[in-house]
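Only one chain is given next, in structure tokens, and it is the form predicted on its own.
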């Protein structure tokens, strides 16, 4: 018999609390379908209470007036707290999110380093920038004017992270918000609030004043509506789907609050003819196995010259069939775990069927593993000879499915890569860095990795087109959470 699921509480104004209605809901383990936690199912009134706490903490509390040194100290305290609880975070990532050990560097180690990086950036950020002195003609005669650009915290932030890389995504919001002196309310995805509740335990042990950090969880869409529409919230930061992002932006527009959107992607990896296809095959196939393809920046379209298409597909499918072990992510040997929910698996299966119907070649996968009767598993799936106007090449599947698309020449590859409503990420594999850099600058996408090089600590992260608005990461993250004020005085 399975052990009873642990019950969690929300964190509002420095206190642990149940939903005002007393309602709860259960979270399933996506690999076993057994309950891993019982969480509060909050009401709109609970969200209003959290917003009120964050508003008071910002308007009346000491945090917005804290020094960069104080903010850096708290950020490092939180990083230390996660480090001490690392195995508990790992346990929840595996049980509640189906996170395989293969992904733990990004899922767990990088977020800790990110918090320390934001502590460093808080000390380096120019909150006061002196501007050139100007001589002007004033009403009483000539005047010499000194001025500065002063970066104030943007205020109360509504944070809506997603479930696929939960600690990483939440830290990318928490870190710069604290570094600039903001207060916040987190409303995690109803599919995965446990990481944010664990984060609240860490925050409680730090010197962060009560009310600066709040977590409200629940299944009702009313929670997000209240957060985005509230006149007491100054900024919304949302990570998720394009369709929901558009609704968030529309709701936030009613009070003209600042909006940051990190949305979907249908990113392309371009493999040039000088690159070793055997060496490139595991990376090219990675959306079919790395966290079950549940990543917005994954290169789910693989572009290769028509002459080398079949060779690449053979290497990709050979790697997947030989090395990708499917199973429970609690097993360190597992490469491919489950997708997050049964309804998500059904959506992915519909995309796979559309690929078949539209004439793409199903090279491997496409079904459910016969040996796994429990859990939301799908086989790693590779389609070949995909045309870029097919549904599987244009829409974000968010599952273990990758499409290989042939191109005629370099210009054709760039055209295909840019022929998308998305523009989040992209990749180029080549032995000629100069050539790869020139191609990268032609891609209409927020980020490009060359030969899988990626800077997760200091680079800006965000997208063009329907992939979002704004940037997370590095100094760009701090700018997203500050308002610039011009102050001038007579010298």
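Just so you know, these numbers come straight off a predicted model, no measurement behind them. Residue numbers count along the first chain shown, from 1.
Keep in mind that the form predicted in complex with a small molecule is missing from the display, and what follows is about it.
Visitor: Find the only residue in 247, 356, 116, 86 having a heavy atom within 4.5 Å of the small molecule in the predicted complex.
Guide: Selected residue: 247.
Visitor: Which residue, 398, 319, 232, 377, has a heavy atom that falls within 4.5 Å of the small molecule in the predicted complex?
Guide: That would be 398.
Visitor: Any idea which of 262-270, 345-353, 380-388, 104-112 reaches within 4.5 Å of the small molecule in the predicted complex, heavy atoms considered?
Guide: That would be 262-270.
Visitor: Considering only heavy atoms, tell me if residue 202 and the small molecule come within 4.5 Å of each other in the predicted complex.
Guide: No.
Visitor: Does residue 193 reach the small molecule in the predicted complex if we count a contact as any heavy atom within 4.5 Å?
Guide: Taking the distances in the predicted complex, the answer for residue 193 is no, it never comes within 4.5 Å of the small molecule.
Visitor: Is residue 241 a contact residue for the small molecule in the predicted complex, using a 4.5 Å heavy atom cut-off?
Guide: Residue 241 belongs to the contact set for the small molecule.
Visitor: Although the small molecule is absent from this view, report whether residue 160 comes within 4.5 Å of it in the predicted complex, heavy atoms only.
Guide: Contact check for residue 160: yes, within 4.5 Å of the small molecule in the predicted complex.
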